[in-house]
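A lone chain, given as structure tokens: the form predicted alone.
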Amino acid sequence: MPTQFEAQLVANRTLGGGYVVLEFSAPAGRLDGVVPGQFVMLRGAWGRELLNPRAFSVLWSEPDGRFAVMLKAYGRGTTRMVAMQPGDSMTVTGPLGRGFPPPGQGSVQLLVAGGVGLPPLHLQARVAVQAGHGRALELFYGGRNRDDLVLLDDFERWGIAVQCATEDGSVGARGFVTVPLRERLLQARRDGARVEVLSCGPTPMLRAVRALALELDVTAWLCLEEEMACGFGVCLGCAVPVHGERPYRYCCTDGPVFEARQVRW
């Protein structure tokens, strides 16, 4: 069940490319059982200038209450967060939403990340390694250039295979990450291997991943990025078009993870 609590910033770590990791200390157990893909709503002491909290996927969490998020300054709220100093506090609501399916279910999980979409897939890999399923995951990571590819050392340490793609060719294949992903899916088809795709990143990338999964008849799970004002289904501002009896579902309560065939794009 989601709860609301106070957390104190203990570290503001710059990764390069404008990305930062904020590490917080909170009461023990508040994020126990968080599932990769779930998120928290964070709000600082911003007064009336910025009323709404901001949603962030959990990068990692520990039983003692420590947890982290990764972000980049895009607007007024994230700009303030990037400038936070140790000792600053935030109000946290979470964990919220529905996450990815667990690893180790007989399929190789291909993690497809772009930009600030890395955190839920980083947590998926962390959980898989802790459960002894690290070899059942592979990461496909895309960006404009090498500065957009962060935390690769973690995946290397965990022994997870990584394929990178950058638009300028500075790291890995030149072009979009869906190019090596397609090659891997075709290889799996030739080998008769069971694979599923887990993806989070910019909406154009998610649309491309969805189209590829539907074309090749592969199960894919998309962690959508929508603007949220509440995080738990009150404001109804994060509607997602879907197939089925209900034409829309809500990213905060029905997602943010949706099966690709469900989304009506």
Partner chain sequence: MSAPPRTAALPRERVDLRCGFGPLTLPHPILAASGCFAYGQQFADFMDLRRLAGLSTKGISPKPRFGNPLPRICETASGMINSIGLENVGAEAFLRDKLPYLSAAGLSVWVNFFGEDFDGYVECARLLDAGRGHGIDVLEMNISCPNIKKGGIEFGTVPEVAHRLTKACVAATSLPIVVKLTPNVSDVVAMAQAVAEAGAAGVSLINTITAMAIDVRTRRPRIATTYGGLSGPAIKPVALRMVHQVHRALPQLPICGMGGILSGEDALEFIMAGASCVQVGTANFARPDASLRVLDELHALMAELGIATVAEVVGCVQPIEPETPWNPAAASAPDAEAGKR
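The structure displayed is predicted, hence computed values, not measured ones. Residue numbers count along the first chain shown, from 1.
Form predicted together with its partner chain: not shown, discussed below.
Colleague: Please state whether all three residues 2, 6 and 228 have a non-hydrogen atom within 4.5 angstroms of its partner chain in the predicted bound form.
Modeller: Yes, because 2, 6 and 228 each have a heavy atom that approaches its partner chain to within 4.5 Å in the predicted bound form.
Colleague: Looking at heavy atoms inside 4.5 Å, which stretch does its partner chain contact in the predicted bound form, given the options 228-236, 195-203, 214-222, 32-40?
Modeller: Of the stretches listed, the one contacting the partner is 228-236.
Colleague: Classify residue 170 as contacting or not contacting its partner chain in the predicted bound form by the rule of any non-hydrogen atom within 4.5 angstroms, answering yes or no.
Modeller: Residue-level check for residue 170: no, no contact with its partner chain.
Colleague: Would you classify residue 107 as touching its partner chain in the predicted bound form, given a 4.5 Å non-hydrogen atom cut-off?
Modeller: No, residue 107 stays farther than 4.5 Å from its partner chain in the predicted bound form.
Colleague: Taking 4.5 angstroms as the cut-off for heavy atoms, does residue 28 touch its partner chain in the predicted bound form?
Modeller: Because no heavy atom of residue 28 falls inside 4.5 Å of its partner chain in the predicted bound form, the answer is no.
Colleague: Contact between residue 45 and its partner chain in the predicted bound form at 4.5 Å, heavy atoms?
Modeller: Outside the cut-off, so no.
Colleague: Who in 35-55 is close to its partner chain in the predicted bound form, meaning a heavy atom within 4.5 Å?
Modeller: 43, 48, 49, 50, 51, 52, 53, 54 sit within 4.5 Å of the partner.
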